[in-house]
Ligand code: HEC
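Presented below, as C-alpha cells, is a lone chain in the form predicted alone.
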C-alpha cells in the first residue's frame, strides 16, 4: 500500500480532495487522445537523486510508465469527460489529490471503485473494463501524482549558457593544479547533470565519485598536544573554543583550541577560496567548459 506516506507527499503540493468531492468550477473537458509521455532514462546520478527524493517524500513504488501510457488513453476515453484527460478535474474532482488514488498500489482500490461507480454522486459504473485496463488506469493516475509531487525528478533547462573557451582558460589558471579533464574529471558531463555539476563547484561540501555520484569528503585534522604528541583523524566539530575529531580507530577526542596546535587539511579549501571571487560570467563559463568533457 502507498499508505499515508504517499498522502503526505501530495499534501506538500496542495490540500487533499477526497474522491467523492466535486469541484465547483468546471474546466476544459475535451478528451485528448495524446498518449502520456514517457520520460527518457536519466543518467545514473539523476536516478540516484530521484530515488533520494522518493525516499524523502515517502512515495510508493515508481509507476509503470508503459502501463501509464496505455492507461492515459483508456482514462481519456472513459473518465476524461468528467475528470479531464489529465485527471486534473473538470465536472468531477481532481484525482491527483484523491485520497483513494494516493492509498492505492496496483489498482486494488481504484479498480473496484471504477467498476461499481458511485451512481448516487453522479459517477457511472464501468463494469466492462478488464483487470489489465484498470491496472493501466491506476498506473496513469499514479504517474500523474508522481509528476505533481516528486520535484526531485524535474530537469532544469537552459543552465549551460556560458562561453566554453573562456571557461577552459579559467580552469587552466585556477583549477588545473588539483583537477584534470583527462583524470578525475574525465567524462564528467556524461555522469552528472549540468545543474548538479554547477552546484558541486559552487557549493563545495561534496565531491564527485567514480560513477558521478556526489560523496562527502571528510575534513582531516592533525592536533599537536603540548607534549609534542600528535593525534590525527576526521574533524568532528570545531568552533571558537573547542575542537573534536574521530581517529582511525573510531575513538573520539576533544580539546580546548587554546591548549593545542591545529592543522586542518580541508580537501575543498581551494573551492571555498574561489567562491568569493567568482563573477557571474566565470560561473557560467566554467560550467560550459565542464559540459564539453563528455
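Numbering follows the first chain given and starts at 1. Predicted model, so just to flag it, every value in this text is computed and none were measured.
The same protein has a further form, the form predicted in complex with this ligand, not shown here; the description that follows concerns it.
Using a 4.5 Å cut-off to this ligand in the predicted bound form, each of 121, 137 and 177 places a heavy atom inside that distance. At the 4.5 Å threshold, heavy atoms of residue 78 reach this ligand in the predicted bound form. Residue contact with this ligand in the predicted bound form: residue 92 places a heavy atom within 4.5 Å of it. Of the heavy atoms in residue 274, some are within 4.5 Å of this ligand in the predicted bound form. At least one heavy atom of residue 83 is located within 4.5 Å of this ligand in the predicted bound form. For the residues 221, 164, 129, 195, the 4.5 Å heavy atom test against this ligand in the predicted bound form is passed only by 129.
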